[in-house]
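Presented below, as structure tokens, is a lone chain in the form predicted alone.
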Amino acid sequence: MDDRTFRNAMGKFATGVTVVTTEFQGEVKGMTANAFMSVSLNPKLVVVSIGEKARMNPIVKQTGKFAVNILAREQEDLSRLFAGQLKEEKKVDFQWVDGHPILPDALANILCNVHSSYVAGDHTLYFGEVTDILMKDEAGDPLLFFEGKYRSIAKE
């Protein structure tokens, strides 16, 4: 099969949208990622997949820590910003928790230390040991991604 067929098939799987953040040399670095999942309850592990050529890859490798910010429906602009899809500059006000920059108003912020990593094809899988979790008090709807487009949950 060709690459386009593979990508189209993978796009049939609806995912949430996250922004992975870390601090590197005094600056906040981040990237949009939808290749994220929980892995283990004991120890508490998650995994995020980062492209080998992504600027974020050597940064996470070097810092040894990252935060996964699970975006709310209203945060599509942040997803686009960290995906490099916005032309204009936008200031982001991060909050800091235990040395991790996090996005306020995300549905959840998952703070991690890199537990291990594994190169798989053209990506590196970073397994993060969860050190803390923050969640919004009020429930909100997630930002979704399906067939290459942002989506939201339909109200019944």
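A residue's number is simply how far along the shown sequence it sits, counting from 1. Quantities reported herein were computed from a predicted structural model and do not represent experimental measurements.
Below, we refer to the form predicted together with a small molecule, which is not included among the displayed structures.
Site residues P43, F66 and Y118 are none of them in contact with the small molecule in the predicted complex, judged by any heavy atom within 4.5 Å. The closest heavy atom approach of G30 to the small molecule in the predicted complex falls within 4.5 Å. Although the partner is absent from this view, A35 contacts the small molecule in the predicted complex, with a non-hydrogen atom inside 4.5 angstroms. Although the partner is absent here, R55 is a contact residue: one of its heavy atoms lies within 4.5 angstroms of the small molecule in the predicted complex. None of the heavy atoms of G99 is located within 4.5 Å of the small molecule in the predicted complex.
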